[in-house]
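In structure tokens, one chain follows: the form predicted on its own.
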Amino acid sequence: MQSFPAVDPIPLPAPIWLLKLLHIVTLALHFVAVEMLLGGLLLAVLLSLFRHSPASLVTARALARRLTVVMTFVINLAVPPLLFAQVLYGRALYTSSVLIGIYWISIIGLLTLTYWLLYRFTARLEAGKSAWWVGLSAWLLAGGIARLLSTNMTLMLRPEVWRQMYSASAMGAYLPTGDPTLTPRWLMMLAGGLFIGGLWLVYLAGRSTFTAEEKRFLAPLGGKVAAVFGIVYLAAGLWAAGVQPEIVKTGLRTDALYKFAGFAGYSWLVLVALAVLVAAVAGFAKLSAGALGLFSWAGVLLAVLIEITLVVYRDGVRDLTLLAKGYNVWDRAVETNWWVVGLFLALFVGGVGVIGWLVSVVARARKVMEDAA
């Protein structure tokens, strides 16, 4: 019996390779923002507990001020990759979304509540009030949203359980069980958050808005956090790769089309190891101002490259898993209007440029010292 719904007779409006490329780029940017949120928020919560330490409170406030901005990028950068995924994998993704419909639609409310809690967390910190419980609540909600997203993205690869889930609840009231890849993928996101959050602290240490004493606090702390949780992140990634079906592992090694994804997986390992080394040096060595600036930007570059290689590998795993179950993402009719595609790409590049400009404006906006507020 056919597991997937019938293919939409309307042809795709652009080449599949282009849609996949756009999906990979936008999803990598989304993952950077998500991990900055998850890691930065938890670090801000923990630092806010050390009320006797001026450097801890300054760092907590600095992170909190930026997290509301990061949240806007988390949400807005989530839309393009989700739309591209729906175009390419809609027959699988729509089905899995319906099967967990109650939880899937609840993400909207959870996101809204998380956003509100971030503002409350920042306001309470600025007012000198206890705020850890507000921040922790926001982090738990954000982690719960990440769990639901991971659940849907793994359920779409398991058509063998769809009928049983629908029989149990046509309303989408139950979550799937028995997927060996779900937990390591979710843990990768949480550990990756602290890994990227630590690199973010190293980057902030290179900013001119902190005093020399605060920089001496930020860089070692961020470097040590990134080094420790980079190893945890690496272990979770190896766990997630190790529990993939054998047919997927073989395809990543031998399939002519997906060898590149397998190579991206090895590149991810190398890049994470290199980032851990950079973080360890920043965390344990006494760097000069010039060296700290160099290491801070090296961490930013490595973080972006890590997410790109991770998404490429993830894309290969998804395609090979679905292919083994009868879903070939490349087997679609395509009718390309290159004028429309060209206009879209021009607008896309312009949009990315505007986002980059907005990030630079936000980065340059606060010229006063962080503790002046």
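Don't overthink the numbering: it's just position in the shown sequence, from 1. Since the structure is predicted, the reported quantities are computational estimates derived from the model, not experimental observations.
Not pictured, yet referred to below: the form predicted together with ligand HEM.
Checked against ligand HEM in the predicted complex, the candidates Val317, Leu43, Val70, Leu27 yield a single residue with a heavy atom inside 4.5 Å, and that residue is Leu27. Contact with ligand HEM in the predicted complex, defined as a heavy atom within 4.5 Å, holds for exactly one of Leu149, Val161, Leu269, Ala241, namely Leu149.
Contact with ligand HEM in the predicted complex, defined as a heavy atom within 4.5 Å, is made by all three of Ala78, Leu111 and Met189.
Segments offered: 300-308, 29-37, 48-56, 332-340. Contacting ligand HEM in the predicted complex at heavy atom distances within 4.5 Å is 29-37. Taking the partner from elsewhere, Met153 is found to have a heavy atom lying within 4.5 Å of ligand HEM in the predicted complex. Residue contact with ligand HEM in the predicted complex: Ile145 places a heavy atom within 4.5 Å of it. Though the partner is left out of this view, Ala85 does reach within 4.5 Å of ligand HEM in the predicted complex, counting heavy atoms only. Although the partner is absent here, Val74 lies within 4.5 Å of ligand HEM in the predicted complex, judged by heavy atoms.
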